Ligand SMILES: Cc1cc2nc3c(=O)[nH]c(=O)nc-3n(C[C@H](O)[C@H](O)[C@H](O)COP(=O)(O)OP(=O)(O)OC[C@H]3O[C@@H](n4cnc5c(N)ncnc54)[C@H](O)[C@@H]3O)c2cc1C
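The form predicted alone is given below as one chain in structure tokens.
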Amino acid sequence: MEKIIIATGASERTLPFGNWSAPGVMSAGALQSLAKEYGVIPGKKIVIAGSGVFAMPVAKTIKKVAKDLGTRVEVSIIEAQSLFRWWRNTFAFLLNPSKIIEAIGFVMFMKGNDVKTLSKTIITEGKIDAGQIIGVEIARVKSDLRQDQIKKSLSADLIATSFGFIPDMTLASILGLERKFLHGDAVVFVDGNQRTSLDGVWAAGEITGIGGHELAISEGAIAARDLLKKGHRSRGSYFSTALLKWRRMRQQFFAAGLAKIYPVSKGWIESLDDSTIVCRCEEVRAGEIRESASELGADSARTAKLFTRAGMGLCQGRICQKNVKEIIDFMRGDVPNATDANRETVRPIGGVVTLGGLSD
């Protein structure tokens, strides 16, 4: 029988705001890729906005590449959560001491390279002139992302936004693997050896829960050893597998702590203007999605897509599906099956492609 390990990773999550479809707005991951892979920094006053630890390595990459290029770049980080929330992950830091060193390194780099940071703040609108970003309007928010209505403006010519990552469940949906909710995301359900609900299929990495590349490596190693039955051959193999599972547990504990520090609560929906575009591909606005729930009976991202075309564009919902689902759930309130992890599916046409086929 064929055996496979699926590790399809994740896509970056963004939250919509006014004019976020204008030139000069991109995901933080796209900005990092441009700088790291191609040596391109498409702005001089860059604002990295959202929530989570990803903003720090992006800012570090930008500053380092700019130094190598001999150019001056201003970088500001706008974080939606309070920095004082880090105490919630104290025990996880003790279990993962390397993370303490990593965090200190980032803080020192930010201070030494004049990276400005605003906390408990989000972007409400990108200010444009002649179709180009010239600044941002920002507002203070509570921990559930509801606005405090204290607003001001900052100068910027590039906005990079990221609110963490969403597991890519495309292949898992095609295979019909059982899913569960973990920290608000639908993820593949696996046992202690990374086995899924389907015989001969293992899963590892972000599709079993967002946790970063180190956790993904640990899960992949456990899945591979179980697939090859290495953990059952000798006492030494069993001990190695046990060490891997201990490392995985420590890393999962740290990931769970990050989820508590940087939650993306649904309070952002309350202040979302009806005119704001949610689906960039099809230019579907928030008001249309709300109306699909209140007037047409949409009860999921899929049914909202049928009424509004949100998610039918080039990205096939990778950018907007999570946001559309949360808007629909928010409109409907606490209803049966709204929290069923197996209810929402992403099932484009898929098939097997060999390495030989790709090379041809």
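What you are looking at is a predicted structure, and each value in this text was computed from that prediction instead of being measured. Residue numbers here begin at 1 and follow the sequence given.
FYI, the form predicted in complex with this ligand isn't displayed, but the following is about it.
213 is the sole member of 111, 213, 151, 260 with a non-hydrogen atom lying within 4.5 angstroms of this ligand in the model of the complex. With the partner removed from view, the residue among 86, 238, 165, 253 that has a non-hydrogen atom within 4.5 Å of this ligand in the model of the complex turns out to be 165. Taking non-hydrogen atoms only, residue 321 never approaches this ligand to within 4.5 angstroms in the model of the complex. Remark: residue 51 does not count among the residues lining this ligand in the model of the complex, judged by a heavy atom distance of 4.5 Å or less. For the chain shown alone, residue 32 is a contact residue for this ligand in the model of the complex, at least one non-hydrogen atom being within 4.5 angstroms.
For residue 206, a non-hydrogen atom is located within 4.5 Å of this ligand in the model of the complex, even though that partner is not displayed.
Partner contact region in the model of the complex: 198-206, out of 285-293, 198-206, 155-163, 272-280, criterion any non-hydrogen atom within 4.5 Å of this ligand. Scanning 57-71 for heavy atoms within 4.5 Å of this ligand in the model of the complex gives just one residue, 57.
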